[in-house]
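Quick heads-up: it's one chain on its own, the form predicted on its own, in structure tokens.
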């Protein structure tokens, strides 16, 4: 449509040029054809000089005048319909050009104006920001590197109104308020251009699936490295223990060299074990799939109506509906402790998704629901970089609450009677002005949705961050905290 608009505009300019040039030529030849009247006023006043005779006026002169009028009428008759036909294209072209202008302004704001890039990375790929942790007593605790989530999936998580709310008022004490209502420096139009830019950098579903999958595989790999009795896992653990035993604050040349050698040994051990790690991860994920299959088999045995629905499904729609019903029934079993053999594998899978490290924790739940996770509170510290040489936490209390509410001790069971209701909420997220659960909580739009989302305002559907199967695993894990 933009091409059509450009073509119609070009035709309009050509017609205008023809009319303009024709008018100039008419004036030029009219002046050139005028007869000098020097001395004629002696015989007859200029306003009484004879003009063309009737025969001449109604002959060639009239024909030329009528022909010129016909030509101009033809031009108008052709150009007006062409202009009318091009109006939709011009409108779409204006919209596209406005999008381009606002997107460019938003990109400039992101990179140069507000410098969002310093925290959220180029093209919104995620990053980190240095932040001072201050206790409730006002005393300094530590300097940490806080994970800033990727923004190239933010419109899969939140509506544009919800994003504007965060831009206006900030979030969790780390993301500052940028809009006027929250006391920030940016105008309403500047925030609007930021939204235009965010639209332009959203990644497609295939990329999301790849990032989530890689994060899950990395999480499984770390679990196996920490727990597996295999020789390759033992070798990695030994190398990492040797590195951890060295003092990073000691700047003695021998110690610095020892740290470099130990770090190299860790990298070498992990590199040597890469194929073994990959194979072990595949095996572990296959075991998880087997647990799900067992739960589905048990669901069919327990529910004759469900078994009949699955068996009778013929069309693709019927098969999809039957599989969805089967998945819901299996989820209820997987969410109850001790119901399914080897169930812990599935719950561990849900925990790995809950704590997915990919893209600054963009796809994780721990970023909001686990205190300290966003700044690696259990990691070793150095006085030079952090102001303390001790980890800030000995271990995480996953789901214990932080920016998001506490999910432990049956809290999710109190809010959602069934695992299916719980899964639907995780998929949809909160909506501004709409409460959720039995307690009627929420309504502020701060809980992101992890399933597909359609933005009615712009008519765009964004892919979900997690698949229904991955959301189910998270729900089972949360309901067992």
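Since this is a predicted model, take the numbers as computed values, not measurements. Residue numbers count along the first chain shown, from 1. Rigid core (definition): largest C-alpha set, two forms, superposition within 1.5 Å.
Same protein, other form: the form predicted in complex with a small molecule, not shown, and the subject of what follows.
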Heavy atom within 4.5 Å of the small molecule in the predicted bound form - residue from 216, 154, 277, 291: 154
Contact residue in the predicted bound form, chosen from 167, 331, 340, 212 - any heavy atom within 4.5 Å of the small molecule: 167
Residue 367: touches the small molecule in the predicted bound form, heavy atom cutoff 4.5 angstroms: yes
Any non-hydrogen atom of residue 374 within 4.5 angstroms of the small molecule in the predicted bound form: yes
4.5 Å heavy atom contact, residue 196 and the small molecule in the predicted bound form: no
Contact of residue 125 with the small molecule in the predicted bound form (heavy atom, 4.5 Å): no
Contact at 171, 412 and 474 by the small molecule in the predicted bound form, all three, heavy atom at most 4.5 Å: yes
Stretch from 452-460, 434-442, 51-59, 65-73 whose residues place a heavy atom within 4.5 Å of the small molecule in the predicted bound form: 434-442
Residue 433: Cα shift of 2 Å or greater between this form and the one not shown (core-aligned): no
Core-aligned CA displacement of residue 442 at least 2 Å between this form and the one not shown: yes
Note on residue 366-residue 440 C-alpha separation in the predicted bound form, which departs from the shown form by 3 angstroms or more: closer
Distance direction in the predicted bound form for the C-alpha atoms of residue 440 and residue 401, relative to the displayed form (3 angstroms or more): closer
